[in-house]
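Shown next as C-alpha cells: one chain only, the form predicted alone.
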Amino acid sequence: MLDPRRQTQLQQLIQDLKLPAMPSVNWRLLDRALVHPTAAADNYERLEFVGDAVVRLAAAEFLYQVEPAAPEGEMAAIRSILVSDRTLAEIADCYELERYLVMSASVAASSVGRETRLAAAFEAMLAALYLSAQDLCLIRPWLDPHWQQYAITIRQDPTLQNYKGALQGLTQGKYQSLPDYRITEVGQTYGDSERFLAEVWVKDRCWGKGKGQSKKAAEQAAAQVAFQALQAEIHGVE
C-alpha cells in the first residue's frame, strides 16, 4: 500500500486529468512514474522507456484520425514536434506535474534540466496509465485537446517548424549549396538549455546562430534564424 498522503496526491492528479479514480489505475506504477532517479533506485527510468513508445503511438493514432488527408511525411513532421521534450514539458506544466515529482532537494532547486526531467516524468506517467488499462483510454481523452492546439499552430507554419529541412531546400534551390552547421559546446551541464551553440553558414557567410540543450536543438534554433534571414534577403532582392 502507498502512503495515504501520496495516494491522495496521486488521486488528485487523476482528477486534474479529468479521469475517474478508476480501480484500473495501477497506483504503484503511477507513483514510480513520478520518482526522479536522484530520489530512489525504484524510479521512472524503466517506465520512461515504455512511455517513449506509448506517446509516439498515441500521437500517431491522433494524427491518423484528425489529419485524414495528410501524407505520411507531413504526419511524421508534426508528430516529431508533438512528442518533443519541449511540447511534453509544456503539457506537463499545464497539470503542474512538478508538484507530484519526487526528487532530491538539489535537483528541485535547479532549473537546469527541468524540461528534460518533466518530459521524462510525463512519458513515464503515460506508460503507467497505458500499462494500467492496456490501451490508450486513460491517455487520449485529456491529451488529444492539447495536441489539437499544437497541430493547428504547426499547420499554420509553412515549414511545419522543421527549419533545418526548410533551410536546406531554400539553399539548394537558390544557391545550389547546403548549409554548414558548426557546433560549439559552451556549457558542461547535462540538461542546460544553452549547452550548445550552433552557427549555420551558407556560401561563406554566417546567417544564423542558436543555442540548445542538444546539438540538434541548437541547429534547429540556428536554422530558424538563418531561414528567416535568407527569406528576407531573397524577397528584398526580388
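In this text, rigid core is short for the largest set of C-alphas that superpose within 1.5 Å between two forms. Quick caveat, the model's predicted, so the values are computed rather than measured. Note that residue numbering begins at 1 and tracks the sequence as displayed.
Although not depicted, the form predicted together with another copy of the chain is the subject of the following passage.
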- Joint contact, 182, 195 and 206 to another copy of the chain in the predicted complex, by non-hydrogen atom at 4.5 Å: no
- Item | Partner proximity in the predicted complex: residue 131 to another copy of the chain, non-hydrogen atom cutoff 4.5 Å | yes
- Task: Flag residue 116 as yes or no: does it have a non-hydrogen atom within 4.5 angstroms of any non-hydrogen atom of another copy of the chain in the predicted complex?
- Result: yes
- Spell out, yes or no, whether the shortest heavy atom distance between residue 187 and another copy of the chain in the predicted complex is within 4.5 Å. no
- Though only this chain appears here, would residue 36 touch another copy of the chain in the predicted complex if you measure heavy atom gaps against 4.5 Å? yes
- Heavy atom contacts to another copy of the chain in the predicted complex at 4.5 Å, residues of 30-46 in sequence order: 32, 36, 37, 38, 44, 45, 46
- Message: Taking the rigid core as the reference frame, tell me whether residue 229 has a CA displacement of 2 angstroms or more between this form and the one not shown.
- Response: yes
- Which is it in the predicted complex for the CA atoms of residue 170 and residue 83, closer or farther than here, knowing they shift by 3 Å or more? closer
